[in-house]
Every structure is written in C-alpha cells, then in structure tokens.
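Single chain ahead, written as structure tokens, the form predicted alone.
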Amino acid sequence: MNSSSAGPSSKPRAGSSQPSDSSFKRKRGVFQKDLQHMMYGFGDDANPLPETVALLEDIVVEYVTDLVHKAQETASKRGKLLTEDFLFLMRKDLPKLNRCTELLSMNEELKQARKAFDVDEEKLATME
C-alpha cells in the first residue's frame, strides 16, 4: 500500500457538508489504548508504533463521523436520530449489520438482567 494514497482521503472533500478541520478540535489519543488492544487481538505487536495507532485512530474517527453525518441526513426528515438510521446505512454490509444487531440484542438482555437483579435486591431488602 502506498503511503501517499492515504493522505488525501483524510482531508475534507470539496462540496462536502462536513465542517472543516479548523472549525472543531478533537482530542487525539482518546482511543489509543483500545485500538492497541484491538490491534494486538488481530495479530499485531503488543506495543505497536504510535504512528500506526494514530493513523488507525484517524481512520476510525473519520469513518464514525461520516456514518453519523449520513445517519443525521437520513433522520432529518423525522427530526430525531434513531438506532434504525444506523442499521439502515449498514444494510448492504451484512457482517456489520449482523454484528450491530447482535450487540443491540445483547445490550437489551443486559438491561433486562440488571433490572431483574435490582428487583431481587429490593425484595431482599424489604424482607429483612
């Protein structure tokens, strides 16, 4: 892969509705530890080069930002951003869609389990 090909893709595109880099500042390095662990899990070195992690972080932040902007455009008719807007955008990428639906269902199961656990604790407290 040529390193010069990655440069222009990180710049805001002309005619894009996204704000330029100068209009907002983001904290760099927020996801570095998580990305290092993910990279190691996918076979990279336990301590990857900081430049590699920074580049990967830029790519991830750009992807998520683009996804949120597209979801907001989809939701603008309704005026409310919903989870379904993101699922709609991922409809053509089945592995991502399946993983998202799996994570959403697991999140719902965890919420129900916490709720049931809280109810059980309250019952025990009232019995004593």
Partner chain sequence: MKQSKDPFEVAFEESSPPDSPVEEIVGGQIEDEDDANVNVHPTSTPSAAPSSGTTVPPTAKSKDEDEEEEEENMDVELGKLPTSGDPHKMAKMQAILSQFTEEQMSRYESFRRSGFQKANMKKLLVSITGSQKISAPMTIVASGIAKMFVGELVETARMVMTERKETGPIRPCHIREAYRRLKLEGKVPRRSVSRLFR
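Residue numbers count along the first chain shown, from 1. Because the structure is predicted, anything quoted here is derived from the model rather than measured.
The same protein also exists as the form predicted together with its partner chain; that form is not shown, yet it is the one meant from here on.
Worksheet entry | 4.5 Å heavy atom contact, H37 to its partner chain in the model of the complex | Output for H37 is yes: heavy atoms within 4.5 Å of its partner chain.
Practice prompt. Mark C100 yes when one of its heavy atoms lies within 4.5 Å of a heavy atom of its partner chain in the model of the complex, and no otherwise.
Written response: Yes, C100 lies within 4.5 Å of its partner chain in the model of the complex.
Discussion item. Can you work out whether T83 and its partner chain are in contact in the model of the complex, taking contact to mean some heavy atom pair no more than 4.5 Å apart?
Written reply: Answer yes; at least one heavy atom of T83 falls within 4.5 Å of its partner chain in the model of the complex.
Worksheet item: According to a 4.5 angstroms non-hydrogen atom cut-off, is V61 in contact with its partner chain in the model of the complex?
Response: Flag for V61 set to yes.
Worksheet item: Along 66 to 85, which positions have a non-hydrogen atom within 4.5 Å of its partner chain in the model of the complex?
Response: Heavy-atom contacts within 4.5 Å come from D66, L67, V68, H69, K70, Q72, E73, L81, L82, T83, E84.
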